[in-house]
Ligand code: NAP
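As a starting point, one isolated chain is supplied in structure tokens, in the form predicted on its own.
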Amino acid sequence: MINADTRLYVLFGYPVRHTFSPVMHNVAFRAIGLNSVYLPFEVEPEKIGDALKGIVALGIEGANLTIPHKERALVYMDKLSPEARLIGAVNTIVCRNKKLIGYNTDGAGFVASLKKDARLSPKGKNIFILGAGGAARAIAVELAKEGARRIALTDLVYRRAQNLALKVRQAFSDCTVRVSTLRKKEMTRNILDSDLLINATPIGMNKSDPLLVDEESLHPGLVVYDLIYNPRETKLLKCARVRKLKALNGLGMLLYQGAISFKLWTGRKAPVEVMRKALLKQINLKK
């Protein structure tokens, strides 16, 4: 029951109506008996500063950020975790003593899903990432930290991919990082030389969205991970499954990054299996 003692956690994004995060977190609060609630708010990009100030003004305990706010939020934080500072993006905020502390749980959540759901360790692997935005930043940094042998990046904004590659090279000298153009032959060559293909762009959320890669590049042994989880199966994942490849959507990353956020906010271990069941139920309702 919501009352004056209920602790409030929020999600800011634009758009945000597709999110499953409230289902996951609210069932977790109930499962361990916390008087807390998690609500999504659609915040236009130019209003994110006002929304973040409102966290303190309203006594909100914590927040998640999603597209397009993860990078914009940096300047509003009073303190950043080492990971958030290196990545250059924030997806989780803890409000403590009226100060905003920014974290990034995306990379760790992705790697946890990769290891547990795909049974794949990044160590020694060649990886190709489509996109170089906030989620891609977190994932690239975490993959390099975990011992990836080579990471190739591409983005519609070529300079953004270059900047991310430079950042990862500077922080992890043992990891080879290269930038690919969007030319089909170059992308295909990089994917054929990869163990893991990651889509970290929003392309695939709409039925009319194109397939970003050549189907012939989806070679035997390749693992395909699309960060999109709604819809459950994008064109990329459908093509991968037709070719009998291991293919995962972003539900696992959502689950594990959410579990890490939950622990940061509450100090309690997240009931991961309860959260997983709630997410699966919700995604089945969306079929």
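From a predicted model like this one, the values you see are computed outputs, not experimental measurements. Residue numbers here begin at 1 and follow the sequence given.
One more form of this protein exists, namely the form predicted in complex with the ligand; it is left out here, but the text below deals with it.
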Considering 203, 196, 177, 100, which brings a non-hydrogen atom within 4.5 Å of the ligand in the predicted bound form?
203
Only one of 192, 118, 171, 156 gets a heavy atom within 4.5 Å of the ligand in the predicted bound form. Which one?
156
Interface membership of residue 253, the ligand in the predicted bound form, 4.5 Å heavy atom rule
yes
Proximity of residue 228 to the ligand in the predicted bound form, heavy atoms at 4.5 Å:
yes
Indicate whether residue 67 is a 4.5 Å heavy atom neighbour of the ligand in the predicted bound form.
yes
Proximity of residue 134 to the ligand in the predicted bound form, heavy atoms at 4.5 Å:
yes
Okay, which stretch from 119-127, 205-213, 75-83, 92-100 lines the ligand in the predicted bound form, with non-hydrogen atoms inside 4.5 Å?
205-213
